[in-house]
Every structure is written in structure tokens, then in C-alpha cells.
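In the form predicted on its own, a lone chain appears below as C-alpha cells.
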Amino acid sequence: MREIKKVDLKSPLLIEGLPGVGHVGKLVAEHLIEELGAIKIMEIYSKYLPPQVIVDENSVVHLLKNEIYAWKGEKKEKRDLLFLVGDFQSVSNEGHYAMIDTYLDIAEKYGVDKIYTLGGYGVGYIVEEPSVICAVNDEKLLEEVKKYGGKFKDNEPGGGIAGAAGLLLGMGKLRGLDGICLMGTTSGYLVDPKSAQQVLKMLCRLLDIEVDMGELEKRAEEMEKVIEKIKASEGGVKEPLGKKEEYLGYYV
């Protein structure tokens, strides 16, 4: 772990958007970082990430890492925000638990008392109108989420919530941290900015902030064109990939 910049934050909220199904959470978190002008304060390296490096457009490599960004609210009534984003999630069960402990240690260091985790819920077929399925780690949060339009469905998501989006809520609860998970329905096999738009709108209502969504809208329009080509092509996706109950949206 490498601290890049020291910051003084007031009761920040932690927003997790690591890579997962449809890259929904990653798209939302990175969009907010860009629009709000959040600054990188920490890099997290781990033996539990895949054993590889990433090669950039200039053929320069960098070791896989996850990152923490911070944003200080411009108004006194707005809470500061911490963002957890990065290259990958852990490649092992042991690694997931170890890395979540690290993330929660960081959250506690800055005085976080509530966590929002973001992701996609893979359904195995192209979703024309994405919706947002919510989950919380304490019943007291149900009415708060419903107040801002959050939807809860019986026995959904099927198979539970795997990866950081789920473990941060479960392990966070053991440390007394409230947790809310927002999952945009998505096919599960395409990067899905359209689903990310819906999750972003829901999150902005919960945080009482406004950001420009133009870039996500542009990406969603571009992906729509890709999907239309897939539908029109011979052998394109016409039916769900499998029964809904057999399709698990791991690493939301």
C-alpha cells in the first residue's frame, strides 16, 4: 500500500466500483471521479491480484493495483467521498477476504460509517431497459433506499452477491459499518454503460449530488450500435444464454 497524498476528510462515505459484471460499478465510480475531480490518495498492491502487468498505449507496463480517490464536498452539508477503483479483484477466495480487510482498515482510518458498493447483475441476455436491484446489510436502511427509488426483489440477486460488492457489506457490518449495494441488470457479457447510467442516477439521488452524465450517455449510444450489430448478425444473440436461476452474476 502506498500513500500518495494526505487528506483531511469529514465523515466520508466509501463508494466501491471495482471491475465486475458488465463493468457497471467501474463505469459509475470512474465517471464520478472524473466529473467531481476527485484526487488519488492511495495505491494498493497485492499478491492476491492476477500475476501480470498492464501494458499502456506507449508499451510501458505497470503492476496491477487498486486505488483510493478522495473528494471533498464543496458545501458544508455535503459529506466527503472516498472511491475504491482499480484494475482487478482478487483471484482467490483467501485474497478476497484479505483485500476486503485492507479496504475496511482504510475506511476506518478516514472515519467512514457507510459504504456504497456498485455492480452489475448478470441475467444472461441483452437487457433493453436496465433496472437497479438493491441490497442492504441492515434492515434500518431499507426505508432510506426505498425513499430514493430503490427497488428490492424477493430472493434477488439469485446466488447472492460475490466479490468485493458483497463482502464489503458483510464484513463491514461486523465492524459496525452500514452498507448499500446497487446492482444494474445487464447481460453479463458486454461492457454496459446503459446499465451504469441507471445505477449512477440512483446513487446520485442517495448522495444528493448532481453530475453531468453526457459521457456515459455517449458510451451507451455507442454500445447500442454494437448490440444492434450483434442482433442483426448471423448467429447473433437472440435468446438468453441459459435459465436465469443457472446464471450467476459473480463479481458484481
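Here the structure is a predicted model, which means the values were calculated and not measured. Counting begins at 1, following the sequence as shown.
Just so it is clear, the following notes concern the form predicted in complex with a further copy of the same chain, a form of the same protein that is not shown.
Participant: Pick from 25-33, 46-54, 196-204, 217-225: which stretch has a heavy atom within 4.5 Å of a further copy of the same chain in the model of the complex?
Facilitator: One stretch meets the cut-off, namely 46-54.
Participant: Is every one of 91, 152 and 161 within 4.5 Å of a further copy of the same chain in the model of the complex, counting heavy atoms?
Facilitator: The answer is yes; 91, 152 and 161 each reach a further copy of the same chain.
Participant: 127, 81, 84, 169: which sits within 4.5 Å of a further copy of the same chain in the model of the complex by any heavy atom?
Facilitator: Checking each option against a further copy of the same chain in the model of the complex, the one that comes within 4.5 Å is 169.
Participant: According to a 4.5 angstroms non-hydrogen atom cut-off, is residue 73 in contact with a further copy of the same chain in the model of the complex?
Facilitator: No, residue 73 stays farther than 4.5 Å from a further copy of the same chain in the model of the complex.
Participant: Is residue 114 a contact residue for a further copy of the same chain in the model of the complex, using a 4.5 Å heavy atom cut-off?
Facilitator: Output for residue 114 is no: heavy atoms all beyond 4.5 Å of a further copy of the same chain.
Participant: According to a 4.5 angstroms non-hydrogen atom cut-off, is residue 148 in contact with a further copy of the same chain in the model of the complex?
Facilitator: Answer no; every heavy atom of residue 148 is more than 4.5 Å from a further copy of the same chain in the model of the complex.
Participant: May I ask you to check whether residue 6 falls inside a 4.5 Å heavy atom distance of a further copy of the same chain in the model of the complex?
Facilitator: It does not: once a further copy of the same chain is placed as it appears in the model of the complex, residue 6 has no heavy atom within 4.5 Å of it.
Participant: Which residues from 94-108 come close to a further copy of the same chain in the model of the complex, meaning a heavy atom within 4.5 Å?
Facilitator: Stretch hits, in order: 94, 96, 97.
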